[in-house]
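Quick setup: one chain, the form predicted on its own, written in structure tokens, and binding and motion questions come after.
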Amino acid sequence: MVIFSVYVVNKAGGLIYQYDNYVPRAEAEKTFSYPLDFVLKHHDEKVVVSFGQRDGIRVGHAVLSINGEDVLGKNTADGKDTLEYLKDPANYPVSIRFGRARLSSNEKLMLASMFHSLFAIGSQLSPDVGSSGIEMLETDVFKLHCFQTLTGIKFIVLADPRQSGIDALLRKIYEIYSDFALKNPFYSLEMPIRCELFDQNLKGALEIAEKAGNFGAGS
């Protein structure tokens, strides 16, 4: 089983910690002749496929590298606009690697804030007073699990739908937060967590959860 990532969101909706434990690599690399048989466009500082798909390349995939060199946002490794480079027949044949672009720091901050708002909406929509808010969201490829403390801190885990023991893991992460962030004299509440012991113990907890699926007494 797999645990994909962990997010910690403060009571104001700000992302104060994020860790990618496992990122699936769904990538495809091919050598193309001119012209390309799909349409590319600029989107959120990336070059993405907007129309056409083949051989594992899908709409929404981003250009990750050209001729073995990683692209930098919308530009090639040597600073040229990627779209303009790929419009020039003189640059063909060309090897292009496509895949899902990793989220930027700003995108993660925005998504954490959006989930914070959805959590509040979920609480307000409840027919009963005192709803816990959103505790789980499920898709075909992952489940999002959320545990909110009495002080409003949210611990969020994205995991394989078949992964067991997530409730125990969330509480273990809360315990690690209490022991290695809150008790750290250099840590300020509601601020980003930058603590080596927190990182080490979190990674250890994720490893145990993936292997055993749960936490026994004294873990």
Partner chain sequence: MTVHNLYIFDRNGSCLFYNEWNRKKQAGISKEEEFKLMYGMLFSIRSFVSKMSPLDMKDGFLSFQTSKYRLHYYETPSGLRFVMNTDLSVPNGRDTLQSIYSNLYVEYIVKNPVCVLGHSLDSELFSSRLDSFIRGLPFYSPRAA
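Only the largest set of C-alpha atoms that superpose within 1.5 Å between the two forms is called the rigid core. All values reported here derive from a predicted model rather than from experimental measurement. Numbering follows the first chain given and starts at 1.
Although not depicted, the form predicted together with the partner chain is the subject of the following passage.
Peer 1: Name the stretch: of 147 to 155, 186 to 194, 30 to 38, 54 to 62, exactly one has residues whose heavy atoms fall within 4.5 Å of the partner chain in the model of the complex.
Peer 2: Flagged stretch: 54 to 62.
Peer 1: Any chance residue 123 has a heavy atom within 4.5 Å of the partner chain in the model of the complex?
Peer 2: Contact check for residue 123: yes, within 4.5 Å of the partner chain in the model of the complex.
Peer 1: Counting only non-hydrogen atoms and a 4.5 angstroms cut-off, does residue 107 reach the partner chain in the model of the complex?
Peer 2: Judged by the heavy-atom cut-off of 4.5 Å, residue 107 is in contact with the partner chain in the model of the complex.
Peer 1: At the 4.5 Å heavy atom threshold, is residue 175 in contact with the partner chain in the model of the complex?
Peer 2: Close contact is absent here: in the model of the complex, residue 175 is far from the partner chain, nothing within 4.5 Å, heavy atoms only.
Peer 1: If we define contact as a non-hydrogen atom of the residue within 4.5 angstroms of the partner, is residue 138 a contact of the partner chain in the model of the complex?
Peer 2: Contact check for residue 138: yes, within 4.5 Å of the partner chain in the model of the complex.
Peer 1: Within 4.5 Å, heavy atoms only, which of 91, 131, 95, 75 is in contact with the partner chain in the model of the complex?
Peer 2: It is 131 that has a heavy atom within 4.5 Å of the partner.
Peer 1: Though the partner is not shown here, which residues of 62 to 92 have a heavy atom within 4.5 Å of the partner chain in the model of the complex?
Peer 2: Nothing in this stretch is in contact.
Peer 1: Comparing between this form and the one not shown on the rigid core: C-alpha of residue 141 shifted by 2 Å or more?
Peer 2: No; residue 141 is a residue whose C-alpha shifts by less than 2 Å between this form and the one not shown when the cores are overlaid.
Peer 1: Has the Cα of residue 93 moved 2 Å or more between this form and the one not shown, judged after a core fit?
Peer 2: Shift at residue 93: below 2 Å after core fit.
Peer 1: So that I can tell if residue 126 moves, could you say whether its C-alpha shifts by at least 2 Å between this form and the one not shown after the core superposition?
Peer 2: Passes the 2 Å threshold, so yes.
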